[in-house]
Each structure stands twice: as C-alpha cells, then as structure tokens.
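Next comes just one chain, in structure tokens: the form predicted on its own.
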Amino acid sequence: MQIILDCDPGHDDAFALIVASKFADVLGVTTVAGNAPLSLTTKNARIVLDLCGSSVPLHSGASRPLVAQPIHAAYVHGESGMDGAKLPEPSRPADGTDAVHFIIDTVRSNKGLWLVPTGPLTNIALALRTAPDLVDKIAGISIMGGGRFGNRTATAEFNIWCDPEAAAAVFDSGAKIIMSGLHLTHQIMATPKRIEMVRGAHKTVGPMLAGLLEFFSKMYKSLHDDFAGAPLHDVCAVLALTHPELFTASEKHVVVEIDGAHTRGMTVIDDRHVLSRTKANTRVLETIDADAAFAIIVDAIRACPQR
C-alpha cells in the first residue's frame, strides 16, 4: 500500500513513521507546523526516519494555518516537539520545502495512493485546493483528528482545532476519509508495561523511544485525572490502512465547525437514525484491539536497523 505521511512530530507521530516504514510503501513524508513549529517538526521527522533507516523524500510544508494564528503544543510535547530522550542529530535537512507540490506531483504519478495526515490538515487542504483532480486520483485520506469529544477544548481535538478551515475543506472535498478520532485513540495508551516492551524491542532505538513515551505519558498524566499513560494517537491512522482488522468502524457524515464560539474545530458526527440524515462521507473508526496494535508497533521497532 502506497502512502504519503503528512505529520508534525510530535511523540506519537514518531511511532506512526516507524510503523509506516515497516508495513507500508511510503513514497514520501511531508511536515506541517502543529505540535511544534515547522523547523522542529521537520527536524524531528528526519531524526525518526534516520532511526528506522528510511531514505524516503522529506519535504516541509505549511508553517502556519490557513487563517488562524499558529499555536503549538509544548505543554504536551516539550519545547523540541519530542522531549524525553537524547536523540541523534538529523543526518541532513529536508529534501525540499514545497510539500504541497510534492504531494500533487506524487499523487499524479502514483494513482491510488493514500494520504495519511497526522497533524493539522493545512498541507492536504492546500494540495486539494491547488489541484482538485487529486480527489479522483487518491485512494483516500486516513486522518488522525477529531472525534466524539475534544482535548484542546471541550469539543475540539488539537489537529482539527489548529486549522479548522483546512479540516473543513478536506472533509468537504469528496475524498474517501477514514477518521481516527480521540474516542478511538484514547483506547491505546502507553502504559508502563507497554513502555517496557518498547524499551526491550531494540538495543539502541528502544531506550530512546521508551524515553519519549515516559516524557509523553508524564505530561499526559499531569494534565488528566484518569490516564494510565499517553494515547498513541497518530499510529492509528497508519494501522487503519496496514492492519484494518484491528478496528471496528461506522459510516457517518462528518463536518467541521468553524464559526462556533465554543465549538470551533469540532468534528460534528451525524449519529442520527433518521432517514433524512446526510449521506455518510467518513469511515469513523470506533474501537481498536489495543494489545494487538501495540504488538505490531513493537514489531516495527524491532525492524529498525542497529545503530
């Protein structure tokens, strides 16, 4: 399965990159500002690609949302975007700085690939706006974002809330969409036992990744009253394609609220049973077999080259 992974690393993006490198045919990685500023998300993406031995093209993209002011998540991910471990310096900078046209050109040359955005949807919206023909050329878009409740606000998940105008454009694009929302991703937590599984999975990379998860989990537990660890949000968008048997799902119509004073960034999921409900535009993932999913993550870590 061919994919472009659009990300904003970010601790959980790191695991999405590692799993994708093992189980998908990654044609390229693009970065967007989100969890951290663009310079850091791009640096972090290169570091993770180095860790898993990947030489796929890396292109940086949007440094800010379409309309809103940029806001980052150092309160969860630390100032570097991936605090918690002594990571190697990146082997080289990005291969380019025009993620949007990289996405367009790659899709046009590889009909039937999937776009897998795990950060704000700015790059994806810009690509679809610039080249509307992409909707008919891609297999679909597997998104980590949204959900039946929020985290940045009571109703809005961070990725969608960061750039709701971009998210609205993507959900309204007519593309096939799979959504890994918070109601799903909170089912796969980096518990202490699972962190030790990561630590033992690889002689050098395992301890680094365990350190990232320890920091990530510490931050999450400090901000919530009932979390056993940090959710591994972003890897779900990859696993939805590489291991769909892990999930249950429902077909729903989803729109993104952009104007509400209390609901800006909300993914409004039409759960009504009325016959007049709007036709579904999104495959909403509902449950995940978390133990099986984590075993797959550990398997991907084992495949990283020895350093």
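These numbers come from a predicted model, not from an experiment. Don't overthink the numbering: it's just position in the shown sequence, from 1.
The same protein also exists as the form predicted together with beta-D-ribofuranose (BDR); that form is not shown, yet it is the one meant from here on.
- For beta-D-ribofuranose (BDR) in the predicted bound form, the listed stretch (195 to 203, 151 to 159, 94 to 102, 121 to 129) containing residues with heavy atoms inside 4.5 Å is 151 to 159.
- Although the partner is absent from this view, Asp234 contacts beta-D-ribofuranose (BDR) in the predicted bound form, with a non-hydrogen atom inside 4.5 angstroms.
- Shown alone here, Asn35 lies within 4.5 Å of beta-D-ribofuranose (BDR) in the predicted bound form, counting heavy atoms only.
- Contact annotation: Ala167 falls outside 4.5 Å of beta-D-ribofuranose (BDR) in the predicted bound form, judged by heavy atom distances.
- The shortest heavy atom separation between Val116 and beta-D-ribofuranose (BDR) in the predicted bound form exceeds 4.5 Å.
- Taking beta-D-ribofuranose (BDR) as positioned in the predicted bound form, the only residue of 172 to 205 that brings a heavy atom within 4.5 Å of it is Leu182.
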